[in-house]
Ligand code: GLU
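Before any questions on binding or motion, here is one chain by itself as structure tokens, the form predicted on its own.
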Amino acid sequence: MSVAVRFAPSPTGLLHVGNVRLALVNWLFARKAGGNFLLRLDDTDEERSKPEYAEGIERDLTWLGLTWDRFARESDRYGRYDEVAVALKASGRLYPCYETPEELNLKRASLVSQGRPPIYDRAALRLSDADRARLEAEGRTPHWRFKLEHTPVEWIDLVRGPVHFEGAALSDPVLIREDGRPLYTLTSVVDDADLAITHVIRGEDHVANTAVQIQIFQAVGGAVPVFAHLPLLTDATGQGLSKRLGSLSVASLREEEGIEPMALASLLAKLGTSDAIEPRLTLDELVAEFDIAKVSRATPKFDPEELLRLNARILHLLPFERVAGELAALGLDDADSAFWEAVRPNLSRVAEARDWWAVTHAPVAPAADDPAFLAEAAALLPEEPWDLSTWGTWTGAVKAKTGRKGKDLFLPLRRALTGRDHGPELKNLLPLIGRTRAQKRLAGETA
């Protein structure tokens, strides 16, 4: 059977790096196996699901290059969930419960105070037909729970290894709310079964859900997929990430921080694995290196500073063709490969190229603090055309004429030509600045 995985976010907020890490791992797993990747929007929470968040999910995945082979939306499948619910009710696995939220909270609090696990006591199973009729006459509408079998639940997790739960230690989950809407625990299983998902790769916060859902798979007649539960990503301080809080959202990393997609992918693909984190320029490279067996059970931390360092390393490797569109979006339509290769070693974000474009193509107020020396240097400027050898030829002549060398030679020239104490190699910048502009700057003129 062909491998089939899914990324199933709820469109209730912005995707953060923890969400996208799961999407990336699923995508890499599918591509490595030659399988397919399903994007499924789990949007049955109608109060919190928003079209703009759904659009944002697709935009974020597309930006990262995580194309999907299939697409599904849970809100299109209510009829199917109803069919399954009817069948589960008929088989006795789905039973009505009438407790109010307040009553359930009291039960939980009582059990916890006694040091006992807050497992539902199945009181609803002891109700007679007359009891149920009386409660409904009082205006109560039931929610519906799945009756778990009190037998062991076991599976071999691709990350955690052998996992064992005692069915009796699990609480019968609510699958249908009082208003008739199905909950995630049911819809996710029905979707995975109907859409032939072979591997479910998700966060370790779902381990207990998996124990419950395996029994639901069996009850609905679906093939139980292989499971892998990844440790949840935290921020650099060890705090959990949240869509609602916008923690480290992909949108902010892209739009505000200027992060390259392959910088984020290179980092997230390796966090929490035994592989070293190195810059990669294509997703195909990450696919070739991927092995879910390398994922550790230790909690990985996402450090924005590490991402920024990796972003810089990737920019230093990217050819002009890969950034031409970004440079044009910055208004640098005339930027060419010579400009990019000159400035990229000094960039941590593409947006910083604007500063060096200004240095090479716009008026600069020079720091002409040694005018006599600069005048001598200006008199020795070679005629154009200039190339990468011009700087060495010129400074060699200046050194011979003035006797200066090292910092005393180079720093005044840099400050006059760029207005700065540091930056890209001047052998690369000088041909971009040009002879006319260089002469004026050496004379202390803004040019």
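Here the structure is a predicted model, which is why all the values come from computation and not from measurement. Quick note: we count residues from 1 along the sequence shown, nothing fancier.
In what follows, reference is made to the form predicted together with the ligand, a form of this protein that is not presented.
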**Prompt:** Which one, 318-326, 184-192, 167-175, 256-264, holds residues whose non-hydrogen atoms are within 4.5 Å of the ligand in the predicted bound form?
**Reply:** 184-192
**Asked** Does at least one non-hydrogen atom of Asn428 fall within 4.5 angstroms of the ligand in the predicted bound form?
**Response** no
**Request:** Considering only heavy atoms, tell me if Pro9 and the ligand come within 4.5 Å of each other in the predicted bound form.
**Result:** yes
**Request:** Report whether the minimum heavy atom distance between Arg202 and the ligand in the predicted bound form is within 4.5 Å.
**Result:** yes
**Message:** I'd like to know if His206 sits close to the ligand in the predicted bound form, meaning any non-hydrogen atom pair within 4.5 angstroms.
**Reply:** yes
